[in-house]
Ligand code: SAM
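Next up is one chain by itself, shown in structure tokens, the form predicted alone.
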Amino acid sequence: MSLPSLRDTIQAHGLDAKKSLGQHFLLDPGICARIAALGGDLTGRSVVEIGPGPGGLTRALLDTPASRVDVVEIDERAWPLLDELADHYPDRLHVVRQDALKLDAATLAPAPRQIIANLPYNVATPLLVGWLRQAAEWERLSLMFQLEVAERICAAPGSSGYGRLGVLAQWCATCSVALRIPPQAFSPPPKVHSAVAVIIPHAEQPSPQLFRAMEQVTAAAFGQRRKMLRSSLKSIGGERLLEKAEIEPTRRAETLSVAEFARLAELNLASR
């Protein structure tokens, strides 16, 4: 039996995007295919998708040679649609009825694994930080965010968008904005443009202890970004820490490179 169109499926189930869940459904099959293609050759790969909704991107992922696709969906209204899709791909599509924020996504499928997802905008940043903590588990992350967030992930030091999220992401991975998508591509259209950031983890990753030290340093530095570092970092050593790192205490957080933040994190960990 052939698969009904996405729009027919949505109409049959009366599914509409829910603002409280940060949902904006991506229905254009061409754009979905372009996002799926950002994963590269998916032969033999496991793909995890967060927030599939009615399954537009899911269908595009199933059109790739990925060995399996696991979709994580908290909205029970979408489960019947995804179950119907799984019936057409019984050995490849697996529906996970859980909250992605409470799930270790790396346990869903064997490596090599990727995440390719149009993320719910209201939980996108905490999800990304969680995946960066375990970046060694992932071959690649191709993630849709609000354009402003995607640009922050890839922002250079000294730019207005450079901050804690960009430091954490670029410390763990090579990051780029690969695809920009206008509001009218979604139903309902969001008020902002969107973009897909491609995040490719480095071969070597920091230990969990060092990652926590980096989180502490960046939270302090950017939590008071208008202050000089000797003031913003006072709670974790301030001038003493900066002197050891050979960083001028009168500088501000947005002027530091990722490498300089890494040095501060290492010293912060060593001082504990």
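Bear in mind that the values here come from a model prediction, so they are computed numbers and not experimental data. Residue positions are given as counts along the sequence shown, with the first one as 1.
One more form of this protein, predicted in complex with this ligand, exists but is not displayed; see below.
Using a 4.5 Å heavy atom cutoff, none of L62, D70 and L81 lies near this ligand in the model of the complex.
Per the 4.5 Å heavy atom criterion, this ligand in the model of the complex is contacted by stretch 53 to 61, the sole one of 224 to 232, 238 to 246, 206 to 214, 53 to 61.
For the residues Q98, Q134, T125, S176, the 4.5 Å heavy atom test against this ligand in the model of the complex is passed only by Q98. Taking a 4.5 Å heavy atom cutoff to this ligand in the model of the complex, the contact residue among A155, I181, L119, L165 is L119. With a 4.5 Å cutoff on heavy atoms, Q23 counts as touching this ligand in the model of the complex. Remark: D75 counts among the residues lining this ligand in the model of the complex, judged by a heavy atom distance of 4.5 Å or less.
Contacts to this ligand in the model of the complex (heavy atom within 4.5 Å) from stretch 166 to 181: none.
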